[in-house]
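Next up: a single chain in structure tokens, the form predicted alone.
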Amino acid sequence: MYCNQPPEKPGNKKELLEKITNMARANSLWVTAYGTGCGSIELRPLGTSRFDMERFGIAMRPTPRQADVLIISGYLATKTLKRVIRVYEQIQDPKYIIALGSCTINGGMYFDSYNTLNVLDKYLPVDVYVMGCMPRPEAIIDGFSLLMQKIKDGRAHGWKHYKENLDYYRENQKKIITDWDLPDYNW
């Protein structure tokens, strides 16, 4: 121990480990996407050399079990909500959701349809909203940057909120999904 260092406090090691873990999580985001309609058209350019999402540590993954970020893009109909919930619950903790585009966030131009969900937060916890119809790749990268900062700061707790308030989410989900055959708890 160097003579000019203050003595360690008992909580410092745990806090330091958590900061390092959050830094690693934030700089290595593995993404799976659930796109409906035109919702995911702007995700493709992110992988090209012009935008190069991998330089930020963002990589697409084919299955939810390999991912920790779920991008939901396009409008969500009552039929697709069950599939989105199943995909979200297959992702390992900690997990994050990015809502991409106007249709996902508030129903977009389908806001008054009987079959479109207008408030995604009632059914799943959203960590970052990216506005637009459709958001440009630059806006999506900004959304990822915001998510990375939230993770580094320890403020991206949507997955914990989901577990702690599962009854609230399940109640709202079952109001929409009439043929409920999902297990009530997947963990």
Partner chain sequence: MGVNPATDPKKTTHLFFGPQHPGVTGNMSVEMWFDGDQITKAITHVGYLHRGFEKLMEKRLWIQNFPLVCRICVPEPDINEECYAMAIEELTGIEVPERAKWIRTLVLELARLAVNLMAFGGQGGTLGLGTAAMWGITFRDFVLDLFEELTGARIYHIYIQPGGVRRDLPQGFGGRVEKVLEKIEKRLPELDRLVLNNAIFKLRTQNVGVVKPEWIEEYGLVGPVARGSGSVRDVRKDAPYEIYSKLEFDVVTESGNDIFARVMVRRREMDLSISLIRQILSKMPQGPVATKLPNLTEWRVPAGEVYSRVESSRGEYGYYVVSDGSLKPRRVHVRGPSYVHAVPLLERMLVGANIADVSNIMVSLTTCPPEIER
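Positions refer to the first chain, counted from 1. Source: prediction; values computed, not measured.
This next part talks about the form predicted in complex with its partner chain, which is not shown.
Contact check for residue 154: every heavy atom lies farther than 4.5 Å from its partner chain in the predicted complex. Put simply, residue 77 is close to its partner chain in the predicted complex: some heavy atom of it is within 4.5 Å.
Contact check for residue 161: every heavy atom lies farther than 4.5 Å from its partner chain in the predicted complex. When its partner chain is considered in the predicted complex, residue 85 lies well away from it, no heavy atom lying within 4.5 Å.
Taking a 4.5 Å heavy atom cutoff to its partner chain in the predicted complex, the contacting residues in 101 to 116 are 109, 110, 111, 112, 113, 114, 115, 116.
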